[in-house]
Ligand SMILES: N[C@@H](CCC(=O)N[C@@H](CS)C(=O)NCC(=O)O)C(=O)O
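Shown next as structure tokens: one chain only, the form predicted alone.
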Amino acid sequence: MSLTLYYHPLSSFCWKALIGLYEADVAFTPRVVNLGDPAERAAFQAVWPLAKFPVLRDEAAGRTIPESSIIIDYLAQTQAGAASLIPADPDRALQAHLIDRLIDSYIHLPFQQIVGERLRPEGGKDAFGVAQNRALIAQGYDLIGPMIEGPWALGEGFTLADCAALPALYYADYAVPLAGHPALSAYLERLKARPSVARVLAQAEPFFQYFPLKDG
């Protein structure tokens, strides 16, 4: 088949792309890459020099598409089943992209900084930075919560915004619990029950033992 996704099942940004692919029932070849293996890293760098997940390769079109949000944009443009991931109405499309961007900036990336801090050696810890990122995630919850129309981010249609929300909320809940945000917590539970999302979570399950915050 024409499409190949380079990814890892534990990677949160890969989840966003995978949800879009599964939601739209787009056929693709999954290529799991172990960046800790020098040969696999080198082969991946030949596809995308930065060697950062996820990357979609479209052999038929001769194109390499990096970045999770851009991958979903590309799918919406090229795959009939994925068209609805980006609303046809320009204003609704803008809102989907806005929510996607806000989630990544104020929840997803700060959470990754917290995980990165957990992996630092003793003597290199930055407790102040962790506190700042936790505060930023809490601010993100306050910002995003009122924007979710329900049942999905933009109402009845499942879009890019929902693909972005699941990995960010699922993982960030370990660092800044959603208990104080019942509407967002309920939204996360609806997302987890979505078949495309459940499939991603099931594939990630064997790798959760390597997640630094799984033990709190």
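Sequential numbering from 1, following the sequence displayed. Since the structure is predicted, the reported quantities are computational estimates derived from the model, not experimental observations.
Another form exists, predicted in complex with this ligand; not displayed. Remarks below refer to it.
K.L.:
Among the candidate stretches 180-188, 63-71, 25-33, 156-164, which one is within 4.5 Å of this ligand in the model of the complex when only heavy atoms are counted?
P.N.:
Answer to the contact question: 63-71.
K.L.:
Sort through Gln112, Gln132, Ser84, Gln79 and report the residue having a heavy atom within 4.5 Å of this ligand in the model of the complex.
P.N.:
Exactly one residue meets the criterion: Gln112.
K.L.:
Val47 versus this ligand, in the model of the complex: is there a non-hydrogen atom within 4.5 Å?
P.N.:
Contact check for Val47: no, nothing within 4.5 Å of this ligand in the model of the complex.
K.L.:
Ser12 near this ligand in the model of the complex, any heavy atom under 4.5 Å?
P.N.:
Yes.
K.L.:
Does any part of Ala43 reach within 4.5 Å of this ligand in the model of the complex? Heavy atoms only, please.
P.N.:
Output for Ala43 is no: heavy atoms all beyond 4.5 Å of this ligand.
K.L.:
If we define contact as a non-hydrogen atom of the residue within 4.5 angstroms of the partner, is Tyr170 a contact of this ligand in the model of the complex?
P.N.:
Because no heavy atom of Tyr170 falls inside 4.5 Å of this ligand in the model of the complex, the answer is no.
K.L.:
Who in 175-190 is close to this ligand in the model of the complex, meaning a heavy atom within 4.5 Å?
P.N.:
Contacts from 175-190: none.
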